[in-house]
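The chain below stands alone and is given in C-alpha cells; this is the form predicted on its own.
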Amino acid sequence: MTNWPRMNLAAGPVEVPERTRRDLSKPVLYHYDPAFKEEFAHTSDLLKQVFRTNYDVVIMQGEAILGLEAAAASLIQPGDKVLNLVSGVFGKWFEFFIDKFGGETIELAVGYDDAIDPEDVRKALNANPGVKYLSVVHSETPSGTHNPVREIGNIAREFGVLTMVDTVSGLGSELLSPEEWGLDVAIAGPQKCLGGTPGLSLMSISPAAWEAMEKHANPLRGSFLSILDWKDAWLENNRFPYTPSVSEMYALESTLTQTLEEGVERVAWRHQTIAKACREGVKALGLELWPVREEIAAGCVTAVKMPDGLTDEQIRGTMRHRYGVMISPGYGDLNGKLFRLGHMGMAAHPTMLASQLAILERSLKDIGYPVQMGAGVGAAMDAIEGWDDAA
C-alpha cells in the first residue's frame, strides 16, 4: 500500500489539529439528547460569529457541494435569469445547477487566471434587465484566484439582485460580512481555511433570500436539498429535519471555537501573510505565478504555472513519493497547466511554508530544473513581518 504523506499541504481537505481530532472522537449521542441539541445550538452561534453576521445560519449535513446545489434548488425557478460570473472551474460548473433547475444562464466570463471586474457586472446587469440572481465564486481554489465579492455583491444589491456566493475556501482567508458584502446566500466549508473536517455545508441566509425561497412557485420541502426544511425544523421549532452528522458537528464546534479563540481577524491575517510570502518564494525560484495579477491571488493556495518541459508527475510526484509532501495539481481544465501550494488552516504558518518550499526546491533540483537552493525559502521568510505566535 502507498505510504501516507508526512505533510498534507493540498487544496483541501486539509490536515486538522489534534484538538479537533480528539473532539471528533467524543461519544456519539442521540440527536435529540438535550446535550447534543445544546451543542448544535452553540455551534450555530459560533458560526454566526465566524461569518460575522446577524443573518440566520444553517448547517446542512453534507459537504459544501450540498449547500451550493441547495441554494440553486431552493431559489431558482424555470425562466429565472441568473448572471453567472465565471473566472474558474467552479464558477463554470455552477451553470450545471442553473440549467438543472430551469434557470436562464447569462454568463460573464474571464480567463481562468483572471478575476471579474465589478464594473463589468454593472454593465451586464444594465444590459440584461430582469436578472433575478447572481452567482459567483469568492475564492477559486483551482485557479488560486479570488474575486472582489464585496464590490460585486453591493452592485447586485443596487439592482435588487440576490446573490449566491461560493465562499468555500474564502471564509477564513479574508474578513467578510454577509450584510456589508451583499451576500444573500453564502456557502462555506470547514475543510479549507478554517482547518476543519469535510462533511458539512456552512450557510448564511439573508431575510431577502428566505423570502424568495418561500415565494417560489413550488417551495422546496421534504428534500435533503431543502434549506426551508432546516428553517422550519431547526430555526423555528428546535428539531431536526433528519438525523444530523453528530460527530461532524463535534468537529465543527471544535474548529469554530479554535477560530474564535485565535480571532477571525488574526486567522485572515495569517492566511494573507503566508500567501504573500509563498508568492515571494515562488518568484525567487524563477517560477511564474498562475494569476495574471498578484493582487487577485487567493489566500488559500498559491497556483504556479507548470514550467516548460516539466510535468505534474515530475514535480508533485517527486514531492509526494520521495519526500512525503502532498500538494495539489490543476483541476479540471487546468490539469497539467499548474500546481498548487496549499497554505490553509494549520499550513498557514511559517514553519509549514518553509518546509513546503524547501521540499519544492529539493524536488526541482532532483528532476534537473535549475534552482538556487534556499532562494525560495529565504525570500519567503524575508517577506514575513510581524509574526508572533504568542501575540
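If you're wondering where the values come from, they're calculated on a predicted model, not measured in any experiment. Throughout, we count residues from 1 along the sequence that is shown.
This protein has a second form, the form predicted together with a further copy of the same chain, left out of what is shown; the following refers to that one.
- For the candidate spot formed by 223, 239 and 385, every residue has a non-hydrogen atom within 4.5 angstroms of a further copy of the same chain in the predicted bound form.
- With a 4.5 Å cutoff on heavy atoms, residue 41 does not count as touching a further copy of the same chain in the predicted bound form; it lies far away.
- By the criterion of a heavy atom within 4.5 Å, residue 45 is excluded from the residues contacting a further copy of the same chain in the predicted bound form.
- In the predicted bound form, no heavy atom of residue 173 sits within 4.5 Å of a further copy of the same chain.
- Under a 4.5 angstroms non-hydrogen atom cutoff, a further copy of the same chain in the predicted bound form lacks residue 56 among its neighbouring residues.
- Contacts of stretch 344-366 with a further copy of the same chain in the predicted bound form, defined by any heavy atom lying within 4.5 Å, are made by 346, 349, 350, 351, 352, 354, 355, 358, 359, 362, 365, listed in sequence order.
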